[in-house]
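Take a look at this single chain, the form predicted alone, given in C-alpha cells.
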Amino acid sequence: MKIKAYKRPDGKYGIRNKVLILPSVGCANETTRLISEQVQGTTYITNPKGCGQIGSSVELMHRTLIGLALNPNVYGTIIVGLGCETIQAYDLYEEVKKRSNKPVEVISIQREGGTLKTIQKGIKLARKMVEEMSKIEREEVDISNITLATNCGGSDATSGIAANPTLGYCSDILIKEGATVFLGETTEFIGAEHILARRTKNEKVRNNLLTIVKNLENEFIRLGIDVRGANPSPGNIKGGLSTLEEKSLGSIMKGGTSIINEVVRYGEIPKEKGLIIMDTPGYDIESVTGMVAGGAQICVFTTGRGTPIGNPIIPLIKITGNKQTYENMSDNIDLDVSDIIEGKKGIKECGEMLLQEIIDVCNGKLTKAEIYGFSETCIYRNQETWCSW
C-alpha cells in the first residue's frame, strides 16, 4: 500500500510540508504569529506556558515542544524565545539539532533587541527556509511510514457502534501494513482498561497501561474530584451516553483489535511500531497536540455531535455515524458513516471508505478543517502524576 510523501533528512516522511515557527514561551506567542503571517508556507503554534513551571511539568513541556519540531510534516523550525523563560529557546534548539538534521534556527526577543527586530530577523530566516522547502517533491513510499493519531470528541450513542469501529477497522489494516497507530484519552479507558490489558504485548506493557489508569483515578480521589462532572460531558449525555464506562467501551474501539506494543507519555515518540497507547488527557485539542509531538502525521477524529477543530501541523479527518450531525455540519465533517446505523453498509465497507480517505489526504487532499485554515493547539501543562513508571 503506497502513498506520496516528503522525505526528511532524518529518514522520516511527511504528508505535509511546513516550516514551523515555534514559541518557547507564551510571551513569544504574538511575535511568533506575526512572523508566520508574513511568510506563506509557515505555520505556528501557541504556547500556553513555557515559564513558571516546576517539576515534571517542565519536562513535559520541553519534550512536547521538541516533538513538535521533530514531527515529519515539519520541514524545519524557527524557535522564538523571550530570553528569561524556564524553557530556554537555545536549549530546545540544541536538542532538536542533536536529534535530527532537519533545518532549525533560534531567535530571542531580548537578545535581538525587541519585537520589531525579532520579527524582521524571523521573516528573513523563514523566507529562506521556505524557499529551500519548496524544492522538495513528494515521492512514493510505503504506508508503513505513517503514524496515525486517533481521537474522539463530542461523542454520542452512534460513536461506539459506527464511527469508532470504522476507525478501528482502519487501525488494524494500517498496523498490518507496518504503520503505527496512537490510541489516547486515558480518561476514556476507565471502566474498559481490563479489556485493553488483555491485548498487551507483555506484562510490562500491561502494567504500564493499568498504572496510567489507576494513577489517574487516584489523582481524582486525592483532589476530591468527581470525574462524572466532565465525563461523560453534558453533550455526551444529551447524545445518549449514560456512563463513563459506556463511553469508554465505545472509545477504545478506535484502536481496533491489534496487540498493544507500548505505552508512552504525553508527547513522547514511541520506540515501537503498531498500536501505541499515549497517556493523553480527555480534552481533544490537548490530546491531539500530544500525538502530533509523538510523531503522528495525520489524525482521524470521530465525532457524534460534531466539531470544527483542526491542527497547524497535521490534517484532521472528521467522521461521524450520526446522519443528522453530518447534514447539520457538513462543512466540518469529512466522512459520513451513518449507513452503518441504518443497516445500509457494514463496518468493513465504511472502513474501506475511510482507508481511501486517509490515503487521499496523505497524498495531498485537504480536509475540511484545513480548507478553513483551522489550527488549534494546546499543550497539556499539569504535573505528570500518572505516568512515572
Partner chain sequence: MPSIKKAILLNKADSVATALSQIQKGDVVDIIYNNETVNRLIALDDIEIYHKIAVVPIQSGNNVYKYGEVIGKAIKSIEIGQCVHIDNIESVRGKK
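Just so we're clear, the structure is a prediction, and the values are computed from it rather than from any experiment. Numbering follows the first chain given and starts at 1.
There is another form of the same protein, the form predicted in complex with the partner chain; it is not shown, and what comes next is about it.
> Among 242, 250 and 324, does every residue place a heavy atom within 4.5 Å of the partner chain in the predicted bound form?
Spot residues vs the partner chain: full contact, yes.
> Report whether the minimum heavy atom distance between residue 191 and the partner chain in the predicted bound form is within 4.5 Å.
Contact with the partner chain, yes.
> Does at least one non-hydrogen atom of residue 238 fall within 4.5 angstroms of the partner chain in the predicted bound form?
Yes, contact at 4.5 Å.
> Indicate whether residue 341 is a 4.5 Å heavy atom neighbour of the partner chain in the predicted bound form.
Result yes; residue 341 sits at the interface with the partner chain in the predicted bound form.
> Considering non-hydrogen atoms and a 4.5 Å limit, does the partner chain approach residue 123 in the predicted bound form?
No.
> From the candidate stretches 95-103, 270-278, 152-160, 287-295, select the single one in contact with the partner chain in the predicted bound form, where contact means a heavy atom within 4.5 Å.
Result for this chain: 152-160.
> May I ask you to choose, among 217, 91, 172, 112, the residue with a heavy atom within 4.5 Å of the partner chain in the predicted bound form?
That would be 217.
> Answer with one of 221, 136, 84, 259: the residue that has a non-hydrogen atom within 4.5 Å of the partner chain in the predicted bound form.
None of the other options qualify; the answer is 221.
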